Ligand code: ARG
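To begin, one chain is listed below as structure tokens, in the form predicted alone.
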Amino acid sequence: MPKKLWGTRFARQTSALTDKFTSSIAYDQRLAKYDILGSIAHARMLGRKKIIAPKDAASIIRGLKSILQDVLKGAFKYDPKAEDIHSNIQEVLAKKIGKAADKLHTARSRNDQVALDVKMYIREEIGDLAELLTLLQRAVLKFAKSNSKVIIPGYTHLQVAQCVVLTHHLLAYVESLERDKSRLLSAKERSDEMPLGACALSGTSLPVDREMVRKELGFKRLTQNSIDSVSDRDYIVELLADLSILSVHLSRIAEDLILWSTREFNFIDIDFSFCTGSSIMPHKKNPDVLELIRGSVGKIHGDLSSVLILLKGLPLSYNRDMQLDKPPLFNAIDTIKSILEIFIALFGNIVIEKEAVLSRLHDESLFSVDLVEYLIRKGLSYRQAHDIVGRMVRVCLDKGRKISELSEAELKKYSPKFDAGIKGFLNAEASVNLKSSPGGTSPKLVKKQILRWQKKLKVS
């Protein structure tokens, strides 16, 4: 059994059941790199300030660098019986360099050590997530640009509403992903505070140089309150909240693509490499990958809830419950990264079923708002125009007729403001061209959106 960092206080060994229940090495081993980097900076500071002998500090740093190489190469053997990653690394360091290893934990507690490790981990992971979000935005933008002439029926309440340029719909994804990225980077900024030196909860009487450690580890600021330094987990909660919002956006994208791939919609065909079949129905081509993305979102929301519930009743400062904040954090990050990677590849493997989409644009109810706005431009109030077009659409639907089939005389029965000229914009292309308000779906405005995103995302 590895030696515990706190073992001398106890008159006898802890139960094997206790050891198994309290161990976190199975999941916190992924913090090994950050734990070692933090320890190197800490040891260098201890030596520089002569809190420990410089030669011992040098020996510790050499030993830690050797262990770090093993970790980075995947050659480090984690001890499943270790209490946590901190104890595991300490034990291996002692075997490498001997008694000098015992001085590494000077002016430090596992409380501020783990806070440091997690913040360093989060800082790196947010950078990776932001890069994946940019790659997904670029993949969506490329797909949108290649289908910039396609017009689709837009939906509200999952009912046919108005025509929109497909690219306009796709760029809505890019907009929401940009907000997600902004939230993540903002969370990274708030978490960029170095907690090491807070020790257990009250700081230390030893002449440590926290500023030196901060600079070496690349943090922007020092934490200002030692109690808050070890009890704060806002940076985990905020990241999980941001990932929960992001996951909702990803789930909605998945739902759009699932609907569009059905025979009922038939807007898109998803490559076989992102679908599966049925064990009983030979004809099936199921969008299972997208369905699993949609389902995985529940796990991420559960991860956020579990940490919030974990923290809500804890008194200041550190409590062992907080050990359990890491599995949900790791799970949420892993899940989101997998989903983003899938989407990046998937958007390069979608084909638009242009003929099927075009056939859906023959529904002239798509142009009812255009008729209303035509009458408004002729001087009618919104309410008058809405009522007139409503009656006309109702009669046409009841009699199975199209508005474009009505004679000018029939049109004038609904309003003398109508003339045969309205038939010129009872088509999808004319309809989208009319939507010229800023942010609208007219092709000219959509082209400007594309150019703006190409510049922002640095793509040609």
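The shown structure was predicted, so the numbers you read here are calculated from the model rather than taken from an experiment. Residue numbers run from 1 along the displayed sequence.
Just so it is clear, the following notes concern the form predicted in complex with the ligand, a form of the same protein that is not shown.
Undergrad: Even though the partner isn't displayed, in the predicted bound form is residue 180 close enough to the ligand, meaning a heavy atom within 4.5 Å?
TA: Although the ligand is absent here, residue 180 would stay clear of it in the predicted bound form, with no heavy atoms inside 4.5 Å.
Undergrad: Residue 320: heavy atom within 4.5 Å of the ligand in the predicted bound form?
TA: Yes, residue 320 sits close enough to the ligand in the predicted bound form that at least one of its heavy atoms falls within 4.5 Å.
Undergrad: Quick one: is residue 84 in contact with the ligand in the predicted bound form, heavy atoms, 4.5 Å cut-off?
TA: Yes - in the predicted bound form, heavy atoms of residue 84 and the ligand come within 4.5 Å of each other.
Undergrad: Can any non-hydrogen atom of residue 93 be found within 4.5 angstroms of the ligand in the predicted bound form?
TA: No, residue 93 is distant from the partner.
Undergrad: Based on heavy atom distances of at most 4.5 Å to the ligand in the predicted bound form, which listed stretch, 108-116, 264-272, 160-168, 294-302, is the contact stretch?
TA: Of the options given, it is 108-116.
Undergrad: Which of these residues, 103, 326, 210, 386, gets a heavy atom within 4.5 Å of the ligand in the predicted bound form?
TA: The residue from 103, 326, 210, 386 that makes the contact is 326.
Undergrad: So which bits of 23-48 sit within 4.5 Å of the ligand in the predicted bound form, heavy atoms only?
TA: Heavy-atom contacts to the ligand in the predicted bound form: 24, 28.
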